[in-house]
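Before any questions on binding or motion, here is one chain by itself as C-alpha cells, the form predicted on its own.
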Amino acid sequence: MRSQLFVPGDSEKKLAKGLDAGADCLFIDLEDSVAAANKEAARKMAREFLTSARKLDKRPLLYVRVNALDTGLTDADLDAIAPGRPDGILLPKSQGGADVQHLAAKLAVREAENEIPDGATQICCVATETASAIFGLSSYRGSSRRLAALTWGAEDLSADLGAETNRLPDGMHAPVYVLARNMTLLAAVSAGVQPIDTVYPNFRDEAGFRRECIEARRDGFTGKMAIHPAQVPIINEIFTPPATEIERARKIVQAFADNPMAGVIGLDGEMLDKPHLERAKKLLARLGTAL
C-alpha cells in the first residue's frame, strides 16, 4: 500500500470522502483526532462504516487506529470495531515486539468471537512516538505473523522529548528525528514488513511534501501516510515505480533466471550482481508481480 489516509472516526462526511480519495488504505482514527467525549460515538460510527464499506466492489484497505495499549481504551475500541472486520489495526505509541504480541492476542480473541479467520487482521505499528520506543525497534523482527508494516512519528516524539520543534527552518527534520526515521526503515526491513514514511503536516506545501516523498522512496520507504486527501495523488504518483524501472527490473530478474549459475551478469553495458537482483525483486514484489 502506497498511500494511507487518516480519517477521523467520528466524522461521517470525512469517512465517506475518504473512500473517494484514491488512497490504498484508510486509517480510521479513534485516537488523536477524536475527543475523549466522542470516543464511544466514534467507535459506533467506525463499525458502521467498516460494515458498509466492506460491501463495496472496489475499496481501499481499512485499518483502524485504536488508542494506545497504556490508555485503558484499547479493549473497548477492539470490541466495538471487530464486528466490522477491519483489514488491520494501526497501533500508536508501540514500544516494541511485546506490544505487537499483546495486540495480536487480543485480536485472536475478537476474531474467534466474530467468526473471522484466525490471523486475518493485520497490524501496523507507529514505532517511534516515545524516546523509549526507539530502543525496542529490533524486537519487531519475528514478533508476529500479523505484523505488516512499521511507520514512525515525529509529532508525538517531539512532545515526549520536550522539543521546541521537530523541523529545521528549511522544513527538513532535525537530526534526532532523522535518526528515528532511519531506524524505523532499518527495523521494518529487518522484520520483513513494509516501511511507511510519516505524515507531512503542512498539507498546503505541495513542493515540500513532494520533496519528502521523493526522498523517502529514494531511501527505501514504500509508502507514506497522508493527513489530507490532496496529498494522496502525489503519494501514489511517487511511490508507483515508473514503467522504465519496472521493465528494467523484469530484465534483471529474467537475465539471472536465464543464467542460474552466474554470480555476475552483464546487461545493457552494466555489470550486475546479487544486490541488483534483490532490488529488482523487491520492486516487482511491490507491484504484486509474480517472479
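Predicted model, so just to flag it, every value in this text is computed and none were measured. Don't overthink the numbering: it's just position in the shown sequence, from 1.
There is also a form predicted together with coenzyme A (COA); it is not shown, and the following applies to it.
Contact between Lys251 and coenzyme A (COA) in the model of the complex is not found at the 4.5 Å heavy atom cutoff. For the chain shown alone, Pro229 is a contact residue for coenzyme A (COA) in the model of the complex, at least one non-hydrogen atom being within 4.5 angstroms. For Leu5, a non-hydrogen atom is located within 4.5 Å of coenzyme A (COA) in the model of the complex, even though that partner is not displayed.
Interface residue remark: Asn38 is not counted as part of the site for coenzyme A (COA) in the model of the complex, having no heavy atom within 4.5 Å. Between 233 to 241, 29 to 37, 46 to 54, 257 to 265, the stretch whose residues reach within 4.5 angstroms of coenzyme A (COA) in the model of the complex through a non-hydrogen atom is 29 to 37. For the marked spot (Lys14, Lys17 and Phe203), a heavy atom within 4.5 Å of coenzyme A (COA) in the model of the complex is present in each of the three residues.
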